[in-house]
Ligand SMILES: NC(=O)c1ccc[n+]([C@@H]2O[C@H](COP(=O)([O-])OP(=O)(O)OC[C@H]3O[C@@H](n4cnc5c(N)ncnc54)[C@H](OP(=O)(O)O)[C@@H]3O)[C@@H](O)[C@H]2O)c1
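Only one chain comes next, encoded as structure tokens, the form predicted on its own.
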Amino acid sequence: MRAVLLTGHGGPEVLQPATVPDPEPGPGQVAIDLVRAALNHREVWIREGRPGPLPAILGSDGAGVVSEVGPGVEGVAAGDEVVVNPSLDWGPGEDEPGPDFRILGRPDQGTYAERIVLAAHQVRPRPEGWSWDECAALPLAGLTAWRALRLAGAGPGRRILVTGAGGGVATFLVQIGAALGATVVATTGSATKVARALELGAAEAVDYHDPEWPGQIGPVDAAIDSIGGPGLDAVISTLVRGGVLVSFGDTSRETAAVDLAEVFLEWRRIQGTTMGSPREFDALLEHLATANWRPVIDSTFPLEEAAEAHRRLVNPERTGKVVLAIR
């Protein structure tokens, strides 16, 4: 099959097209002929130097058609159009995953390939009426956003700050948060992205380059952040007494110095989260049945141009998800 291999650690050029053997499904597994894959910052961090086996096939997001099922599989058949749940072996709990939890795409084979084999319980039916690009863009970012919003208490009467609203997960946060009835306010990096955040459902949006942005936003019940870094104190300062900061990333890659007095004297909480449980993934898909929003697709590249797709992913002008077309 055609695939893109991570051949070393470094810039996008270490992602190289290759031909590798087709994986075959074993007991309880299904083979999926992938139609689309989508990119996430996790793959950039791995490419830039996170330790792990090489060569490797990256990619957590994917959607395609089941082409073969292994022994003992029930409820999934060849020909089914599916999306992949990249949250592997989460376990029975909801507060946090079990010890076997991992995210698809190293050490397990990822979605930068024509074919992938997964446990049958990791796939779900393709959302009705959704394009293949939208289906591939959904899983990791959508699940991360869904859980973060649950932890933030998203719903009517709640005012929620979303930082960096041009990013993949952040666009989901704005859209889903508004769909759940919360008042979403957002920060982002340009006037164009401010306008886009408002189009996606934010009640207010400001440019975070303005040092006075916290005063423009006003108090919020919860803030959801994936940027971290030296700006985290400003995010915490927007919280009401007893408010919660939900953190799901660290894209700034800079040290965050938090004034703890702003946390304990105001009874604020900091809650970390990554991905979500199978039950949360099912709840997200159930939500889609009546929702009128769709993932924001920034751009689509052929599989063999994964390196160029990575360059687009880290481009500050990007808004939404970057997708790989496989078939």
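In case it trips you up, residue 1 is the first one in the sequence shown, and so on. Nothing here was measured: the structure is a model prediction, and the numbers come from that model.
Below, we turn to the form predicted together with the ligand, even though it does not appear here.
**Student:** Quick one: which of 26 to 34, 258 to 266, 42 to 50, 290 to 298 gets within 4.5 Å of the ligand in the model of the complex, going by heavy atoms?
**Tutor:** Every other range fails; the passing one is 42 to 50.
**Student:** Among T251, T183, Q216, S237, which has any heavy atom within 4.5 Å of the ligand in the model of the complex?
**Tutor:** Contact check passes for T251.
**Student:** Which listed residue (V66, M275, L285, I57) meets the criterion of a heavy atom within 4.5 Å of the ligand in the model of the complex?
**Tutor:** Checked against the cut-off, the match is M275.
**Student:** Is there a heavy atom of R318 lying 4.5 Å or less from a heavy atom of the ligand in the model of the complex?
**Tutor:** Heavy-atom contact with the ligand at 4.5 Å: present for R318.
**Student:** According to a 4.5 angstroms non-hydrogen atom cut-off, is T187 in contact with the ligand in the model of the complex?
**Tutor:** Yes, T187 lies within 4.5 Å of the ligand in the model of the complex.
**Student:** Please run the contact check for G243 against the ligand in the model of the complex: heavy atoms, 4.5 angstroms, yes or no?
**Tutor:** Judged by the heavy-atom cut-off of 4.5 Å, G243 is well away from the ligand in the model of the complex.
**Student:** Can you tell me whether G167 touches the ligand? I mean in the model of the complex, with a 4.5 angstroms heavy atom cut-off.
**Tutor:** Yes, G167 sits close enough to the ligand in the model of the complex that at least one of its heavy atoms falls within 4.5 Å.
**Student:** Relative to the ligand in the model of the complex, which residues of 199 to 219 have a heavy atom no more than 4.5 Å away?
**Tutor:** Heavy-atom contacts within 4.5 Å come from Y208 alone.
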